[in-house]
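Coming up is one lone chain in structure tokens, specifically the form predicted alone.
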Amino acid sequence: MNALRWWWGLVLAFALLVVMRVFLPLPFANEVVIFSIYTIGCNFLLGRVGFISFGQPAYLAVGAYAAGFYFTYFGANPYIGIVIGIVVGFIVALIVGPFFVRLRSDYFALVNLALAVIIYFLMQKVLAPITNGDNGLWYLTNLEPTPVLDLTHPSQFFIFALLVGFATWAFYKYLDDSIYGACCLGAKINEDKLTFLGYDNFRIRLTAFVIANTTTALAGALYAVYLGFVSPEITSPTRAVDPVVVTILGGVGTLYGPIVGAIAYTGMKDVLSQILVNWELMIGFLLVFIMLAGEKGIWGTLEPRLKKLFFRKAASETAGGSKARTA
């Protein structure tokens, strides 16, 4: 029963993604899965550690370009490209992390945004001879089919992305339930008390920073494989607010908020952009409403009600069974 309680939410969430794939276009489903993986790192930083980051496109681009360089100049195996994107993202996060996590609030947000701007212009201008500037790297025809799951086929890529997403959420659920997850909340709420208990705030924040941005680099590598090209637009400062918006939309600090937020954001983008040119305006109004309504987001509002409904039903079934046995 303990194992069932631990796993049922994960299984249900990703079963709903499979159902969504049946009724909605495949590109939409792939976009939602990758976008939710992209967002969960930002959600972890903001909800667990209290770091708001507008620099997530930088780490997304690191993973995407690392995989893109491999596909363009060195090899064609999608699995290897994804691993390279993860490793390079981990290394970059480990290099900049010790400097960035010493900062707080606005300074942390701005220095990450500055990193995104730097990488954007590096890929667009400075490294244009190898990145092709605004034209980007095109290597879709270079990718070779892979065994078991052929990542060059969109439907099989969706299965792979779903499995990766499931493993990612299981990992973050484990972190949330662990002592380390509690320490992250302690670092967010009361650093002095955490230090008094003997924990190293700097190490806790650095570990969270590396974990979150390595996950973001993973999403970048998945984008690189799925789209078959990489351009500087992936790290454009104009898209720096996207993961933060999705995090707030889904519910800050909630485990399934990134999935719900990614579905809502991608769905509104696809639908509203066909009706309104400035569709972001409606997203802005929705965010204002969410913040005024209690800052819980869509999933943050629904989760307590669903838990109450589920446990009430389970309790009534248990009570009914007990009465039957007594009779």
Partner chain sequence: MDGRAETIRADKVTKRFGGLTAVDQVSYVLHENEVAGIIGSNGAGKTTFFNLLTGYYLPDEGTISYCGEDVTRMTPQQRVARGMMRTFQLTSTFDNLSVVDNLGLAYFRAHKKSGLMQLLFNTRKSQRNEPKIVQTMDTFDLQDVRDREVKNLSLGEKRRLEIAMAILVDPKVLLLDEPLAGLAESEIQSILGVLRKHVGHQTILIVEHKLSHVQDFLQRLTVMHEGRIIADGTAEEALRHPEVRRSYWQIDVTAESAGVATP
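Positions refer to the first chain, counted from 1. This one's a predicted model, so the numbers in the text were calculated from it and none came from an experiment.
The discussion below concerns the form predicted in complex with its partner chain, not included here.
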| query | finding |
| --- | --- |
| Region of this chain that lies against its partner chain in the predicted complex, out of 116 to 124, 232 to 240, 143 to 151, 192 to 200 [heavy atom, 4.5 Å] | 192 to 200 |
| Its partner chain contact at residue 134 in the predicted complex, heavy atom, 4.5 Å | no |
| Partner contact for residue 105 in the predicted complex: its partner chain, 4.5 angstroms, heavy atom | no |
| Heavy atom of residue 207 within 4.5 Å of its partner chain in the predicted complex | yes |
| Residue 181 within 4.5 Å of its partner chain in the predicted complex, heavy atoms | yes |
| The unique member of 185, 128, 80, 245 whose heavy atoms fall within 4.5 Å of its partner chain in the predicted complex | 185 |
| Heavy atom within 4.5 Å of its partner chain in the predicted complex - the one residue of 96, 86, 175, 255 that qualifies | 175 |
